[in-house]
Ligand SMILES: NC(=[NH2+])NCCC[C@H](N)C(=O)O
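To begin, one chain is listed below as C-alpha cells, in the form predicted on its own.
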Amino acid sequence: MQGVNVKSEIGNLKKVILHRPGDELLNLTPNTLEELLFDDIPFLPVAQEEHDAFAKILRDEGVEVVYLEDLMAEVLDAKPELRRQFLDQWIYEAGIRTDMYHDIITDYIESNYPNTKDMVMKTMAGINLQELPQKDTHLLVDMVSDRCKLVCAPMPNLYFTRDPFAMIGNGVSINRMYSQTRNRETIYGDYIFKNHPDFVGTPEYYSRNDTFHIEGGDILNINEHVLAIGISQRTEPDAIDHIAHNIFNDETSPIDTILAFNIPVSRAFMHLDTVFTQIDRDKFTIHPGIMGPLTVFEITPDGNGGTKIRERNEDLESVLSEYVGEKVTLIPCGGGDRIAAEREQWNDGSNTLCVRPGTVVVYQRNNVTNDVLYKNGINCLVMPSAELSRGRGGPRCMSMPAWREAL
C-alpha cells in the first residue's frame, strides 16, 4: 500500500500507525505532569501489555500494524546521511542552544545508541542530567542544577499517534501542535513523509512549520467529499482556513466541503473526536454535553481559488444527517446516565476506533457505554485499559489509520 488512503472514519481498516509506549513514560514525575500534559503516571509494563493487546486485536481483524519508531528507524537506515541532521534538529528543538551541550549530548547518543532504532527510542524517551558524563563545565547552571533535571524532555504523549499528523483522503497534514511539549513529536512524521518509500510523495496539506495550531484529533473524514475539523482549544480557525485553501487547490482531492465545528474550549472537549466519533454508517458516539445547538461553519471553494463560508446554528444530529446522507443515531457516552457519562467520558468512552462499519475497538473500563453500544447493534472489540487510559486518550487517539478501503 503505497501512500495513504483515508476517505472515511469507518471504511475497512487495512493499515494503521501506532507507537508502543516506551521509556518516555518513566521520565514522568509528579512535578512534570502538568508540563507534559498528563494527569497521572501510567505503570509502563502494564501499559505496554495493554498496547500489545490493542495491536493484536487489530492484527486479528486483518489490519497491518506499523510502528512510528520502526518507520523512523527505516528512514535513517536507508539514508544514513540523515542521522546527524535528525539528531542536530532534535537537540535544537529540545531547547539546547549551547555548542558545549550540543556536543555532549551528541557524543552521549552516538556512543551509547549506535543501533538506529535504539537511538530513535532514546530521542522519544528524553535525557536527564545524571545520564550524561560529569564534566567540569565551569557553568553556574551545572553547579546549581539537580542531577535528575531533564536536559531533553521526554515525549510521553507519543502513543497518541492521532495528533502529530493526520491523513486526509490521499494527503497528510503534518501538524503544528498546540503545546511546545507535543510540537516536538511531529519531527518523526516530517522525516517519514519526506523520506520513507511507503509515504514519500504524499500531498502535504499542512506543515509543522506553518504558523497556526492544528491537531489530528480535530480532523475527521466524514466521506470522500466532506471533512470535519474542530475549532477547539488546540486547533485555530486560521489553520483551518489554510488547510482548506490547500485542499481545495489540490486538483487530485475530491473534498469539496469542510465543516468547522466550534466546540467549547475545555479539557472535556479537548478535540473534536472527544465530542463525536463515527462508529457505523448511520451511528455516532457523542459527548452528552454537546446535544444542544452548536455553531458549524460550512467552507466550500468559491471558484476563484478562495473559499466561501456559511454559518449554521443547528443541532449535531441535523448537521451530520445532511452530510452523511441518511438519518443518523447519536449514542451518548454513559447511555444518558450523568454520573456514568462524566466518569466514562473522563476515560474516553466515546473515543473509539472503527475497524469496519459497526465494529469498533473500545476500552474495557467503559462498560456502561459499551453495553449501550452492544444494544445498538455495535460489535465491540474490548481492550484492557487500566494504565493507558491515564494519558486521557482512547483507541482512536492511539491510532493513525494510513489506509481504509472505500465504503
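Start at 1 with the first residue shown and count on from there. Bear in mind the structure is a predicted one, so any value in this text is a computation, not a measurement.
FYI, the form predicted in complex with the named molecule isn't displayed, but the following is about it.
Legend entry - Clash verdict for the named molecule in the predicted bound form, overlaid onto the shown chain (3 or more atoms within 2.4 angstroms of backbone or C-beta): Output flag = open.
Inset, instruction - Work out which of H213, R182, H287, K283 lies within 4.5 Å of the named molecule in the predicted bound form, going by heavy atoms. - result: Only one option qualifies, and that one is R182.
Inset, instruction - Scan M383, I17, L13, C397 and let me know which has any heavy atom within 4.5 Å of the named molecule in the predicted bound form. - result: Spelling it out, the residue with a heavy atom inside the cut-off is C397.
Inset, instruction - Choose one stretch from 68 to 76, 270 to 278, 104 to 112, 236 to 244: the one whose residues place a heavy atom within 4.5 angstroms of the named molecule in the predicted bound form. - result: Of the options given, it is 270 to 278.
Inset, instruction - Verify the contact flag for G217: yes if a non-hydrogen atom of it lies within 4.5 Å of a non-hydrogen atom of the named molecule in the predicted bound form, no if not. - result: Yes, G217 lies within 4.5 Å of the named molecule in the predicted bound form.
Legend entry - Contact test in the predicted bound form: N366 vs the named molecule, heavy atoms, 4.5 Å: No, no contact at 4.5 Å.
Legend entry - 4.5 Å heavy atom contact, G391 and the named molecule in the predicted bound form: It does: once the named molecule is placed as it appears in the predicted bound form, G391 has a heavy atom within 4.5 Å of it.
Inset, instruction - With heavy atoms only and a cut-off of 4.5 Å, decide whether N221 touches the named molecule in the predicted bound form. - result: Flag for N221 set to no.
Legend entry - Sequence-ordered list of residues in 157 to 185 near the named molecule in the predicted bound form, where near means a heavy atom within 4.5 Å: In sequence order, N157, F160, R162, D163, R182 come within 4.5 Å of the partner.
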